[in-house]
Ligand SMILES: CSCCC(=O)C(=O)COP(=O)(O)O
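Let's start with one chain on its own, the form predicted on its own, as structure tokens.
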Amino acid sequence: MAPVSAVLTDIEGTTSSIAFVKETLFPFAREALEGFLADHGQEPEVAACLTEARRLAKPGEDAAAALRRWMAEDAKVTPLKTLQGLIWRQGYLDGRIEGHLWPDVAPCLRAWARAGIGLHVYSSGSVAAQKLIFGHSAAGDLASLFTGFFDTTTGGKREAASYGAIARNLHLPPESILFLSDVAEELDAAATAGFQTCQLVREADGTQPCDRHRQAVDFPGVAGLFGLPLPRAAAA
């Protein structure tokens, strides 16, 4: 294996529990949607989401109805993901939401950043939502550890071309980038693009192991498999 110079990580099921996303973030956005649109619908960023939602909606479906349907379907649609991020931002800022991270994640991220490993995120959640979950996490503000954030505007997470685009954006050879995810199809796409891959198999999330990729139960396990630094306490 080539030495790892950068780590690209998924969020849901990888750094954070699926339950946090499904049971905290999604319901929060769903319940706040109508009031948020009423209060902020004329603001340029929100108005742009509504315009794009109308373009993608079914015939006869207005933007709000399309957004509610996509929420119910957990659709990876960019205007929905952007709008969810805007709604969550308010919840994080006023303290109603705190970003969940598995306890093993923050110490490893800090150790890797200290060692000069580039840290990046690729999630179906918007870049704004990614920065919020790490910036207002239970382990403190970790957003500054990351230098690259990628979402569905880069392309689908199950498409090899998306990972090629990320490698070009980072100006790194694909084989020097390690992609972490719990989803086998995302790892397949990254491997096709030449990335190193590791599946996070979180027991609490019920992840189904995939023998096409190396597996770890936590971030120290990833470090052991790929020669990355361990946190000082874990290394002692």
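In this text, residue numbers run from 1 along the sequence as written. Keep in mind that what you see is a predicted model, and the values were worked out from it rather than measured.
Below, we turn to the form predicted in complex with the named molecule, even though it does not appear here.
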item: Trp102, Phe146 and Asp218 each touching the named molecule in the model of the complex (heavy atom, 4.5 Å); value: no
item: Interface membership of Trp112, the named molecule in the model of the complex, 4.5 Å heavy atom rule; value: no
item: 4.5 angstroms heavy atom contact with the named molecule in the model of the complex for Arg96; value: no
item: Heavy atom of Lys157 within 4.5 Å of the named molecule in the model of the complex; value: yes
item: Distance check, Phe28 to the named molecule in the model of the complex, heavy atom within 4.5 Å; value: no
item: Listed residue that, although the named molecule is not shown, lies within 4.5 Å of it in the model of the complex (heavy atoms), from Leu83, Ala129, Ile166, Cys108; value: Ala129
item: Interface residues of 121-137 toward the named molecule, as seen in the model of the complex [heavy atoms, 4.5 Å]; value: Ser123, Ser124, Gly125, Ala129, Gln130, Ile133
